[in-house]
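Given next, in structure tokens, is a single chain: the form predicted alone.
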Amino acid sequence: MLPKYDILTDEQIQTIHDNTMRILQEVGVEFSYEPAIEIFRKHGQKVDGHRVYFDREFVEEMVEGAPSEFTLHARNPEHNLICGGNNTIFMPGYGAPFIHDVDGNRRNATIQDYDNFVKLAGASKNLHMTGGNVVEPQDVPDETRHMSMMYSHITNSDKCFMGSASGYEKAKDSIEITALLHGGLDVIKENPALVCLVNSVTPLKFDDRMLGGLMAYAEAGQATIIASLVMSGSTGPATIAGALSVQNAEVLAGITLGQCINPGTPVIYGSTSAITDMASGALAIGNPECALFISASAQLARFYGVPSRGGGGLTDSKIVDAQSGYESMMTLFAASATGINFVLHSAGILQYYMAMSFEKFMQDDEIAGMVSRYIKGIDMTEDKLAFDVISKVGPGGHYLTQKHTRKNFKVEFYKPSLSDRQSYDGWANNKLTANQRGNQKWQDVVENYVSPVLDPDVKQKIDEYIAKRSKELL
């Protein structure tokens, strides 16, 4: 793997840290969930109503106790993932309520869309897990939606997946269902199998829904991504350094709570921060400033000794076009080259997190493969230096028929699945765009996908749990 590069100096990182500690001490963070407030009281932090003011030494001590890396366990051990270090984990987009089709038309997402995205992620050689709330299926009741989404991940793939953080009870459902899949709560507490996304409410606030989820996961020893989405210019300062300081304060406050609940519980430093388009007031994510937020967040996470989360194949485009391609490559490359460990929104996102696209999913899957090949670097072993075959071919020859070529090209060269490399005449037979090729590709993958077999006894236990809880909730 190529070494990860830093965009900030050590002095600049320390400056952000010092500014963050001042925010936590003098401005504080609001927590709307009383059980969280009580935990901070017990740990000696100053509480005024719902606002908590943090001691610098206390925050630094709590964050230092979080693990630098951990293993996320899949039902198929071949898909276990190490989160942290030099590892990069790609997964689909998250949370979009809409689907944009091949023609750019918009509709509400359904559970069938959800299943199809999970299958695409399960089939992908470039995506390491099937993600979490890949879309919001509008045809499933909100009360039981979290379990329908979990069920899709469990039955359509044997890769790792994410659970719900929409309040304490829904988080507990996710944990209980995953425990049934893996053999018990004690098993997953020892070997974490779930990760959830806990978002702050910028600026400097956490709501009861997210805090309930954070507490449930921390109690069970499951991983939490503590993520901040600062919209620089609206929900945060119109400067990257200032917005980073707000983001950092929110993330460190969340990490501190998790460590208070269960010291050593796995956490991930998360960022989705970007800028506000000052002409429209909308969030804008397909820009160099967003790439800078991603890169700085990777470096801040290394400073604190915890894994990092950032986007992804991010774009403001509404369809698979040149804009979606160049913006997604910029942000995904920034995440990978600067060392983001957990890359949410790697595939499928359009319109600043608001929509998913099957065609965009296939384009991003291609980009993820290309970026993975790049960050893998260059093999400099003796065979790869190829002196013997260079000597054999000599001046004026060619390498097409050499055994060395046949041995190496399949592992050395990235083979695209979506890009067109035909001659002009070959391409001119149908003149398909990347958007059209993606449309054909995703349908072929879904049609031919075979879901991994799930143990019938385990499936029955999960079915019974979901049926019982659905009766209670509906």
Partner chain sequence: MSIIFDEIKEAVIDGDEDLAVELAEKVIAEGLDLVEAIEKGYIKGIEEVGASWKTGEAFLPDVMMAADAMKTGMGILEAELAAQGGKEHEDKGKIVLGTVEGDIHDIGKNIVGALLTAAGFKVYDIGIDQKPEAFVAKADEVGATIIAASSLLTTTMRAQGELIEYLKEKGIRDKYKVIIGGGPTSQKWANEIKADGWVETADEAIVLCKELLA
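Computed from a predicted structure; not experimentally measured. Positions refer to the first chain, counted from 1.
Separately, the form predicted together with the partner chain exists; it is not shown, and the next lines address it.
Q: Does the partner chain come within 4.5 Å of any heavy atom of E143 in the predicted complex?
A: Contact check for E143: yes, within 4.5 Å of the partner chain in the predicted complex.
Q: Do S372 and the partner chain share at least one heavy atom pair within 4.5 Å in the predicted complex?
A: S372: no contact with the partner chain in the predicted complex.
Q: Considering non-hydrogen atoms and a 4.5 Å limit, does the partner chain approach P77 in the predicted complex?
A: Taking the distances in the predicted complex, the answer for P77 is no, it never comes within 4.5 Å of the partner chain.
Q: Even though the partner isn't displayed, in the predicted complex is S234 close enough to the partner chain, meaning a heavy atom within 4.5 Å?
A: Yes.
Q: With the partner chain left out of view, which of F333, Y304, Y151, F98 would have a heavy atom within 4.5 Å of it in the predicted complex?
A: The residue in contact is F98.
Q: Quick one: of A241, A386, I82, V201, which gets a non-hydrogen atom within 4.5 angstroms of the partner chain in the predicted complex?
A: Here the answer is residue option V201.
Q: Counting only heavy atoms and a 4.5 Å cutoff, which of 295-303, 181-189, 341-349, 271-279 contacts the partner chain in the predicted complex?
A: Within 4.5 Å of the partner lies stretch 271-279.
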